[in-house]
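Okay, here we've got a single chain as structure tokens, the form predicted on its own, with questions on binding and movement later.
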């Protein structure tokens, strides 16, 4: 009789002292009606990152802050913020001072010009900071197109299946059969588009098919879960299941993939800028800075090195952060 009075063994899992295991167990338990699942604050996520991912996150934050700062300097404060005009030739006449500048072209990094000057005596640091705005806009617009359109489309066809899936995925496969960069080069060359937002939108549209495939794969997996089967069994409308069950569980994986895909988008925009098919000069981008500086690489390697490093470190950082969130979303998804 004494053995029947012992406490059940299930609560013993919560006393293991492992907070991560306890958190996963809490995430795996069904959420009571009217309660939202707990989400980790950003500072806790940051603390759980490896040191390399932390450094990558800090770099990406600096890029975004620099891009916003440079845009505010031009559009709101009319150059009043402490950042050099990226198009001001420092050896030419300066309207602000009424004098001719004395800065030499292709100068080495110094205290007054942290990254030196280019062949037209323009401040390289300022041009890199302003060039980050182009990369940020291209990433934001393309990711929004991919996540919103591709994510919704992939979630829908993965849940509905049947003829809808067959038709949509056939179109996606046809679009993916074309090399994206070649197709983008053709579109930009034919229509002679040089507007930043139009170029970003075209890149975003071309990225929709791959987002659709990622969302569809996750939607297929989520559609077979017990909570979706239970929702169907009690007569829940398909639109409600899609909105409340499928999309919220597909979105974290899709956003994690977007970080990795953003790295490819920056490379594509850099390639267009290098070929002179992105935004028009004198607007600075990392790609056109590399293109302009390559002619003077034997005389001054710094002007090729700094924008190249900015592009490389940003792409590497996006890959590192994207890999971290992909692993994290996969780990959380396994606990559902």
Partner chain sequence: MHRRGVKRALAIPLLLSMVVAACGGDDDGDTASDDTSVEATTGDATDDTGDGGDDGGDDGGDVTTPATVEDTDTSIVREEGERTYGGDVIFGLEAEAVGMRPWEDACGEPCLNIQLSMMEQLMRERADGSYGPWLATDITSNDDFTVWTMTLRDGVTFHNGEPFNAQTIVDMYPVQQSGTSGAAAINAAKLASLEATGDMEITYTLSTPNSAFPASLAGVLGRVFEPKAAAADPDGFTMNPIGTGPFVMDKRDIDNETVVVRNENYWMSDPDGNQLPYLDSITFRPIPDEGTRLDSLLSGTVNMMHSLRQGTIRDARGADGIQLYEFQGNNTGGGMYNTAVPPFDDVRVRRGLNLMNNQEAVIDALGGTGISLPATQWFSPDSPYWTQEAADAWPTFDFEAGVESIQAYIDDPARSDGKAPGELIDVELSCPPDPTLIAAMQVIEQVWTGSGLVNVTLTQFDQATHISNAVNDAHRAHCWRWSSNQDPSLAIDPVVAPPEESVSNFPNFFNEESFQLAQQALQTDDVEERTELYKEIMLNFAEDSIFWYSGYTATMVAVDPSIQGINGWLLPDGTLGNGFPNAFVTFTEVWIEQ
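These figures come from a predicted structure and were not determined experimentally. Positions refer to the first chain, counted from 1.
Below, we turn to the form predicted in complex with its partner chain, even though it does not appear here.
Proximity to its partner chain in the predicted complex, taken as a non-hydrogen atom within 4.5 angstroms, holds for one residue of 217, 120, 198, 230, which is 120. Distance criterion of 4.5 Å from any heavy atom to its partner chain in the predicted complex singles out 87 from the list 112, 236, 87, 164. In the predicted complex, its partner chain sits beyond 4.5 Å of every heavy atom of residue 57. Though the partner is left out of this view, residue 78 does not reach within 4.5 Å of its partner chain in the predicted complex, counting heavy atoms only. Under a 4.5 angstroms non-hydrogen atom cutoff, its partner chain in the predicted complex lacks residue 64 among its neighbouring residues.
In the predicted complex, its partner chain sits beyond 4.5 Å of every heavy atom of residue 71. In the predicted complex, 275, 276, 280, 281, 282, 291, 292, 294, 295, 296 are the residues of 270-296 with at least one heavy atom within 4.5 Å of its partner chain, listed from first to last.
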